[in-house]
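Presented as structure tokens, the chain that follows is alone, the form predicted alone.
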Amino acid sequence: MRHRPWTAVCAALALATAGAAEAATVAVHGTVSQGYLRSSEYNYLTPDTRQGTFAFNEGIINFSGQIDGRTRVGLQFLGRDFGPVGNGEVIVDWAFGDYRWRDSLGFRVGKVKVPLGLYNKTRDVDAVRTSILLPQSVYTETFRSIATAIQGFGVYGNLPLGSGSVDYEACAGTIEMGSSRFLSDVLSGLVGAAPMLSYTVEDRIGSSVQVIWNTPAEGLRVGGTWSSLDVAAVGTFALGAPTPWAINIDAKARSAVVLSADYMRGPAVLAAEYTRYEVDVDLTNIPFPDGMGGLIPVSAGRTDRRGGYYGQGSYRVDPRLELGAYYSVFHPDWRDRDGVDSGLGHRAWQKDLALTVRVDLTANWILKLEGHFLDGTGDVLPELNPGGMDARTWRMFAAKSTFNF
């Protein structure tokens, strides 16, 4: 039911774009990609990675039109399959009207992409980057569904600053959740093997502010992003009681920061980012044995303090061949980086050395091959690996073919 308002928005934008066709050309672009993932030890990111999985693909089509010199509209549809996420369901990835009053100030309304780091707004567009998988230390798949888009409004602009300039962007509104694995995993972990009957997100408010300084040094940018979110959800479980038991969760990001820098010179691109975020998770109506064979509701809370960083580089050898690499480090608790205090051992970190070969077979067809050499299991989900996670070092292979038009 909640998708119907966005169906109307999409129809309105499509009609507006079509109505402006006489004054401006309507641009249509799209992407179709198919990938493959296989891990040597663990099911990572999807439930079938260890056996190898082709449940890794996207289909994108977008429409945009310039209404006049200051106004444009557009929308993009996305169908995605990533293990159990998406399953090919077509959603509105973004849909907005954009009015650029001047270079220093513009406005967007609708469903807008969230500015977060260097690559969050383009993470679905495989053709614009070298790697297949973005560094999970910053662009984690766990939080992807709550960091992609906001249904609300945004402002943006470019301000001159000496011999350089500053790009800024801010947005606020209702978070587009999709399927939030993080919240459902928190709820499922509370009751062990009891099946979850339903899972509902009730409130989801977020905001993001990004500032990027285009420095006087040609090709060098530095900046940062601050984000906040407040999400409330309810999960119901079958616990042998006459009626299903509902557990409430309220997650608030008190501090979510990404610091970014990149440098482009000729065929070479270098980038580095650092992130740290704290998420307070408060739970109410948790079932607890009362000692007489029944259950009583209790409350609990925890704070997730995650963080990580990466450095990456790519080099365009010739028009058809590009090589890339990154080294990414992630900590599920940045206060316990070596796992000694918690006893987690190698689950306290995950270090990923990724090597990529990108071949542009034609102007519209890209093939990528990527190897990951990993140390630690800090981002590996135990529920996907019931046999345990004893191996500290492991590997993963990824391949992807993408067509663009």
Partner chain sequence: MIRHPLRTYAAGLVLAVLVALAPRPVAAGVIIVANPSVEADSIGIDTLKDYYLGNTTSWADGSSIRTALPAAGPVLTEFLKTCVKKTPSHFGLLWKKAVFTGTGTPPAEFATDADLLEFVANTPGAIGFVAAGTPVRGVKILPVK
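Positions refer to the first chain, counted from 1. In this text, all values refer to a predicted model and were calculated from it rather than measured experimentally.
Unshown form predicted together with its partner chain; subsequent notes refer to it.
Figure note: of the listed segments 324-332, 224-232, 99-107, 278-286, the one touching its partner chain in the predicted bound form, with heavy atoms no more than 4.5 Å away, is 99-107. Using a 4.5 angstroms limit between non-hydrogen atoms, Trp213 is distant from its partner chain in the predicted bound form.
Although the partner is absent here, Gln34 lies well away from its partner chain in the predicted bound form, with no heavy atom inside 4.5 Å.
Its partner chain is not drawn, but in the predicted bound form it has no heavy atom within 4.5 Å of Glu89. The shortest heavy atom separation between Arg204 and its partner chain in the predicted bound form exceeds 4.5 Å. Although the partner is absent from the chain shown here, Lys121, Val125 and Phe405 each have a heavy atom within 4.5 Å of its partner chain in the predicted bound form.
The contact with its partner chain in the predicted bound form, taken as any heavy atom within 4.5 Å, belongs to Gln76 out of Ser137, Ser208, Ser145, Gln76. When you look in the predicted bound form, the only residue of Ala246, Val269, Leu259, Ala170 with a non-hydrogen atom within 4.5 Å of its partner chain is Val269. Contact residues in stretch 50-69 (any heavy atom within 4.5 Å of its partner chain, taken in the predicted bound form) are Ile60, Asn62, Gln66, Asp68, Gly69.
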